[in-house]
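Read the single chain below, which is given as structure tokens and is the form predicted alone.
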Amino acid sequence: MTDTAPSANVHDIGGSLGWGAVPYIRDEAPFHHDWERRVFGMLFQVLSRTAQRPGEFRYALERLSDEDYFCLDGYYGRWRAAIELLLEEYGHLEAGELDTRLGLPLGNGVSNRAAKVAEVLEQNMPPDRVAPRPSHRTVRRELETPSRFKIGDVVVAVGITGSAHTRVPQYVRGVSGQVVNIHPVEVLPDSTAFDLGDRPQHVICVAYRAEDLWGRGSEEGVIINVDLYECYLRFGKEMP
């Protein structure tokens, strides 16, 4: 495989090289320690009082420092750090309060997890569209307007300019793929994470050839399917 471009965000390392093999344990237990089970339970209590908008918790994870994101406590360690960040940002804890109680060092007198929310320009977002809100909590919406893409179209993902939170993996940007399915409409997390409206979008499943993503050294005949919001996509040139 050829090296891929480095990601601008610590969380966006999917498809990049140099991270070693993915560990796999057959029949692995969901929790290795009791504290992981407790973090899992705490998450839903904290989210009911903090990040309730679609995409908001994931954006909190993206803003963690490298030390917290790649902590030795792994998956649930990231959740724990994001919980602490949200509790601080929503005013349920003073900045650095938990670290102080634990006797941990603070950087410049504040918690290392108190990452600031980036400024998001609403004019960079696609126009909002009227869609009735369901009576129950869901990211699904109904649009009368059909998708501008159809199965078989060649598309290229470009994303949204200046988006602080996005669902476009770095490794697919600028690469031609083919539409293979059109999923139901969902709210756009680039917008909802910042309380800028639902801006519902058709979700487009795009198929990429592995060799187009990672070069001739990739596995032959492998197809990668990626679900992308319609506003991320542009029509591309016909594929060879």
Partner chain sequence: MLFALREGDAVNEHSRPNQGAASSPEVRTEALEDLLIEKGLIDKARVDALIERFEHDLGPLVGAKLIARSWIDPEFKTRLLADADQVLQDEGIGGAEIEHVEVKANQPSIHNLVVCTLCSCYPWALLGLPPSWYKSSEYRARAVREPRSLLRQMGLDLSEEVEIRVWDSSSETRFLVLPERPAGSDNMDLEALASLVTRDAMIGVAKATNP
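Every value quoted in this text rests on a predicted model; they were computed, and no experiment measured them. Residue numbers count along the first chain shown, from 1.
This next part talks about the form predicted in complex with the partner chain, which is not shown.
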Contact flag, D66 vs the partner chain in the model of the complex, heavy atom cut 4.5 Å: yes
Partner contact for I83 in the model of the complex: the partner chain, 4.5 angstroms, heavy atom: yes
V179: touches the partner chain in the model of the complex, heavy atom cutoff 4.5 angstroms: no
Partner proximity in the model of the complex: D212 to the partner chain, non-hydrogen atom cutoff 4.5 Å: no
Residue among L104, V158, L121, A118 with a heavy atom within 4.5 Å of the partner chain in the model of the complex: L104
Contacting member of A95, V154, A164, L87, with respect to the partner chain in the model of the complex [4.5 Å, heavy atom]: L87
Sequence-ordered list of residues in 174-207 near the partner chain in the model of the complex, where near means a heavy atom within 4.5 Å: N181, H183, P184, E186, V203, C205
